Ligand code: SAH
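Just one chain follows, in the form predicted on its own, and it is written as structure tokens.
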């Protein structure tokens, strides 16, 4: 049996290989490319998910039958387009974004993709927005891609407000390679891993910076 103790997918992921699989499996249409390039055009951090990860988010949303979903951390709307497209016409994706300027860019991206009517963009601290959405629970899917120290609190909110069988997704759970560092932020992310593993059926998908997928138990 092969030793998989320290092996990750990134060992083989050369730039040429990644470019090829993105072109074949996760090619952009005009609206996705517009949203993907928006951070550079608008002097925003270019920290959106990669094309294959965005495609994966949409597929997972479709697989869990998401009709009511929450995205914590929307940036320019790239991942939101993938999620919203995977939902039915009467579905609603709540997009939470701290920065007003980023939220405006996200709205423009969603409009260009024809997804603005399927989304609601909320501006302000995520915990405040989540509190305001509690009355609309239960949700089918929650996706986290915001401040990493907040993940434990966002994860607890998801546990309380997802339906049984609902899905929690969280990006950057390797914490930019610093998950095992001796810092409060890294400790918070490790706590998120541990709490999620205890409360959900979970797995950490070895994307370049880790994508956690978890299912809320049915009983």
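Numbering follows the first chain given and starts at 1. Since the structure is predicted, the reported quantities are computational estimates derived from the model, not experimental observations.
As for the form predicted together with this ligand, it is not shown, yet the points below apply to it.
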Assert contact residue (this ligand, in the predicted complex, non-hydrogen atom within 4.5 Å, options 181, 47, 188, 62) equals 47
Note: exactly one of 75, 141, 93, 110 sits with a heavy atom within 4.5 Å of this ligand in the predicted complex, namely 75
Counting only non-hydrogen atoms, the one stretch of 112 to 120, 145 to 153, 132 to 140, 85 to 93 within 4.5 angstroms of this ligand in the predicted complex is 145 to 153
| Does at least one non-hydrogen atom of residue 104 fall within 4.5 angstroms of this ligand in the predicted complex? | no
Across 18 to 43, the residues having a non-hydrogen atom within 4.5 Å of this ligand in the predicted complex turn out to be none
